[in-house]
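One chain is shown next in structure tokens, namely the form predicted alone.
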Amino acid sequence: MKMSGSLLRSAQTPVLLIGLTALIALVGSVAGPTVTRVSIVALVSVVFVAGQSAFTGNSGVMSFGHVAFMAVGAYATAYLTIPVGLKTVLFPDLPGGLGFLAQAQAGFLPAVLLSGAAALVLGVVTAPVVARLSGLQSGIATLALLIIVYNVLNGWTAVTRGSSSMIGIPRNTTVGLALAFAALAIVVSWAYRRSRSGLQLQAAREDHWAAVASGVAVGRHRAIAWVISAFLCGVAGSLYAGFLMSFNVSAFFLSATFAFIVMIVLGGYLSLSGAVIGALVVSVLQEFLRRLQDGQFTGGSPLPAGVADLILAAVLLVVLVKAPLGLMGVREICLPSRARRARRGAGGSPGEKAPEEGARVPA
């Protein structure tokens, strides 16, 4: 009985987060094309931040390189879904060893999973580096990964078309499909957070040397989180490609990295709830700022290019000053507990707070 109650309490957070994303999907389904577009982008962003949260939220290491996994997922989906006839035109100079890519073809759902697997392979290859580093060095290493992947994609023209766009990708990402993968990403990220490996990694996040002294294999758990997050971010890239229908390598570099960092930091990079809520809020804010910059709220007078990014950066600075751990801190959204309701009914102290989820993590 006690165990079932614990499972129900643990399931509250992912259920509430999925309900929140379902609400966004519902609005996107019944509203006009613009709202539908914003909803899909927001849901794809949820897939990405849930993936990055599996690593950053548990390890405490801020990653600047997860967009690289997204890029791998997007390019893999392009190769698997662009019609074969068009690929022979787009990639006439494929190296001999990669000639099979011109004939590769898959439905969109298998393509999404295979794209996630491609990103996972990159995660496995780079995991030993991430496992050996920590703190600032680890963050810089993730940035180096992003730069390496960007330059390979930009320079390997015969395979990636370089700075030219990948075109001809069928539009397959719908609101419903994006919602399904957002829900899956939330469940996977939460399940890892509550797993033995996730809890031990959180213990290392709170006190690295105490965890090491307790026998926690910090590097191994960090590598596991890294690989899981790579798969989910690759899935996000696949969905993004299936929505855009065309993209080039510049879509997966510093600008995208900054946008996702704002989402995670604004909501709370140590909390899955914070990452998801930040993704939804920032996606809506970005659309508002885009329209503001285009002059839709200024009587038709467009604002100088870059104003939207400046405002977004200013919002990030304010949040960092006022709430360094983001709006959610280390808390997760959940229903009020019975004890808390009882305290309120008995007139408990207004300043009394419920214990924060994740504030103490068992080693």
Partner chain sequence: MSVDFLVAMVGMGALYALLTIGVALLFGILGLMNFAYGEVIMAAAFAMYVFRDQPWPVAVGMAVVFAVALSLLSERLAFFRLRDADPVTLMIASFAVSLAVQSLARMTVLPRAQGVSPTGFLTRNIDVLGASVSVRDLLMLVLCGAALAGVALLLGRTGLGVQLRAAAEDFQMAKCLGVRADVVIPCAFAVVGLLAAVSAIVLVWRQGAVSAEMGLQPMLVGVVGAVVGGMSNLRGAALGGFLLGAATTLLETVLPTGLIAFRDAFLFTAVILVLVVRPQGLLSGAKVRVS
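Nothing here was measured: the structure is a model prediction, and the numbers come from that model. Numbering follows the first chain given and starts at 1.
As for the form predicted in complex with the partner chain, it is not shown, yet the points below apply to it.
Residue 139 within 4.5 Å of the partner chain in the predicted complex, heavy atoms: Yes, residue 139 lies within 4.5 Å of the partner chain in the predicted complex.
Proximity of residue 62 to the partner chain in the predicted complex, heavy atoms at 4.5 Å: Yes, residue 62 is a contact residue.
Partner contact for residue 156 in the predicted complex: the partner chain, 4.5 angstroms, heavy atom: Yes.
Residue 304, heavy atom within 4.5 angstroms of the partner chain in the predicted complex: Yes.
Every residue of 30, 38 and 187 near the partner chain in the predicted complex, heavy atom within 4.5 Å: Zero of three within 4.5 Å in the predicted complex.
Partner-contacting position among 280, 223, 204, 145 - heavy atom within 4.5 Å of the partner chain in the predicted complex: Among 280, 223, 204, 145, a heavy atom within 4.5 Å of the partner chain in the predicted complex occurs only for 145.
Sole residue of 80, 265, 179, 169 within 4.5 Å of the partner chain in the predicted complex, by heavy atom: Only one option qualifies, and that one is 265.
Stretch in contact, per heavy atom within 4.5 angstroms of the partner chain in the predicted complex, of 22-30, 41-49, 62-70, 328-336: Partner-contacting stretch among the options: 62-70.
Contacts with the partner chain in the predicted complex, stretch 239-256 (heavy atom within 4.5 Å): Sequence-ordered list: 253, 254.
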